[in-house]
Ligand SMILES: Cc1cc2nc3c(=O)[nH]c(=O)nc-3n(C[C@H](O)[C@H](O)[C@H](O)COP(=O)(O)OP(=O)(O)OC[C@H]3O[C@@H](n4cnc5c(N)ncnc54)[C@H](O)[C@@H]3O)c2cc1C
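Single chain ahead, by itself, as structure tokens, in the form predicted alone.
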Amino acid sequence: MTDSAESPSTQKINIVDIDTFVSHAYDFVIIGGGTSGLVVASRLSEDPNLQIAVLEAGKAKVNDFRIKVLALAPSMLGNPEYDWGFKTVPQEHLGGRAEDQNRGKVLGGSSAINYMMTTYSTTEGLDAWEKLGNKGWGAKNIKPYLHKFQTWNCPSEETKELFELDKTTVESSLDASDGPIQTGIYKNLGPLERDFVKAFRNMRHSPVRTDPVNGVSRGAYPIPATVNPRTAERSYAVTGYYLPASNRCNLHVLTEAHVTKILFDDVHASGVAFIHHGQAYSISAKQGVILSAGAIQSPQILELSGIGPAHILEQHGVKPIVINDNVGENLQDHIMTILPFPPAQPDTPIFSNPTLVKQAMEEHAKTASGPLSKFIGTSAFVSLTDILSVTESGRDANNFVTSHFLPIDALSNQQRLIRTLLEGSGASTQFLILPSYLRPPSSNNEGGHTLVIGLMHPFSRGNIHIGSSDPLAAPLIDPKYFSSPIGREILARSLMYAENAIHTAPLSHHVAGHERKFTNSGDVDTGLQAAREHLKKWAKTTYHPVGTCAMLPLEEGGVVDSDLRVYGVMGLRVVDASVFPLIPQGNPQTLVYAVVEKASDIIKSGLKMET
């Protein structure tokens, strides 16, 4: 099933009215019409004998130009028409700052507002999931679903030549893919992106070949995006999964429906209560409830429904159904920072000039090309050993981790596996480049091109819990960034590595007089301290929260089992990024699609066994 040949801009959406919705009898009720919820809904409704309901708090904005046009993605962040606008509690190690936690509040969820990057976890990273006690969730089990969710569009010969792809990057295993989401490399990447890739390759001591979809994600290369190449528009859960299924009579989607709690008959999930346009309603689920509200709101809804830590439920007067101290814990996120630098050839950021925006929009509409038809299109994954070459030449990753962390016999299973990933051939840090003309308005007035530097394997763990029994109130989000100081130390050194990259040919040809801030004195300690101070001001989320309803054994911190069933109750599953036991390397949306495709097969297999 691929994106419909009909352009999303001309397709009609089939959203039911409230009277039809509540008068119907459903087998499954899905909470959340975002990335995960729409995938599950599409797959389960393939069986005409199953009646499927989806409740989505946001609006249906299928034809919205901000969603469709690639470079307009940042304009949705913080806009309540698209974004929940969550914030963290003040972060101790970020100078007391409260950080934005942008999540999609619209049909399609965060797949409608994210930056569309398609990267892949390493084989070792996925095998770690199985080593944590999740049988059937290793790399070999997940790989088929990385193919199933997407249709890979091969890059043009010009792009292959520009980035020397035949020598460096293997993607041929995806050539036969025929899934709902369109993926491919942006067709109009240019000299800046090319020279970013070359500079990071030049910083390595030996050449590296990468095969991302087969679990080898390292080095620098152009990354695919979830983009329809015919229209240069976003391909996401709505266009790929929902619209082709929207005319099925057994699939009902209700938008602007805010779930208040899951209903139980003893310990069996029997339905869902929700608010729609100020009125309270409830619907029943004959076979089960599927919670797909995301890593922030899935634990919130569990706690509002009586599943969570005893002290949280008691504090807010919620009647307990099941006491589980693991709910809302294990929050993981990729924290990142930025390093702007002045371009050798100054240009005017498009979004600061309405005339340029209008011209670019017209070009995109007429030709599916121009400056708005791409966004971030290249990435470099760099190992900890390479990062350390900036400050501690000759020191290996093992020695560094040993000196900055607990003894190995004091580590949890999860911490041991993260340590193994850091010390292996995978990446400790991801680097991206954003061209100056695409920079959104920012409080950082330095302007110019921007390097983005992200920590791939954070040791810090935070939590998300209700702060009130009011279902309309935002939960309390505490990622505890840098609470494990090794993350700060790796990111500080990665910032210094990024500064060296700016001054490495041929990327240096795009730089006009950048003054070194972290690597100019020859005094490593002074540079590191300057980098740490930079992080206090400029470290922030990459919008990748996962893990708060972890798929783990109950005694190891689990909320769901390996079939994604919530411990202690019946008829309730969680299916979204909150079940990730360990955050993957790179951007998680690829793995979200794959995990939910696998989850859908698990659910359907269970139905066959029952019959």
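So that there is no doubt, residue numbering starts at 1 and follows the sequence shown. Just so you know, these numbers come straight off a predicted model, no measurement behind them.
Note that the form predicted in complex with the named molecule isn't included here; everything after this is about it.
Each of Asn114, Met117 and Gly294 is positioned with at least one heavy atom within 4.5 Å of the named molecule in the model of the complex. At a distance threshold of 4.5 angstroms between non-hydrogen atoms, Val322 is out of contact with the named molecule in the model of the complex. The named molecule in the model of the complex is not approached by Val29, whose heavy atoms all lie more than 4.5 angstroms from it.
Although the partner is absent here, Ser110 sits close enough that one of its heavy atoms falls within 4.5 Å of the named molecule in the model of the complex. Using a 4.5 angstroms threshold between heavy atoms, Leu55 counts as touching the named molecule in the model of the complex. The contact residue chosen from Val216, Ala232, Leu77, Val318 relative to the named molecule in the model of the complex is Leu77, the criterion being a non-hydrogen atom within 4.5 angstroms. Distance criterion of 4.5 Å from any heavy atom to the named molecule in the model of the complex singles out Ile301 from the list Ile301, Ala539, Leu339, Ala269.
Of the candidate stretches 62-70, 550-558, 44-52, 571-579, only 571-579 has residues with heavy atoms within 4.5 Å of the named molecule in the model of the complex.
Annotation for 327-344: no interface residues with the named molecule in the model of the complex [heavy atom within 4.5 Å].
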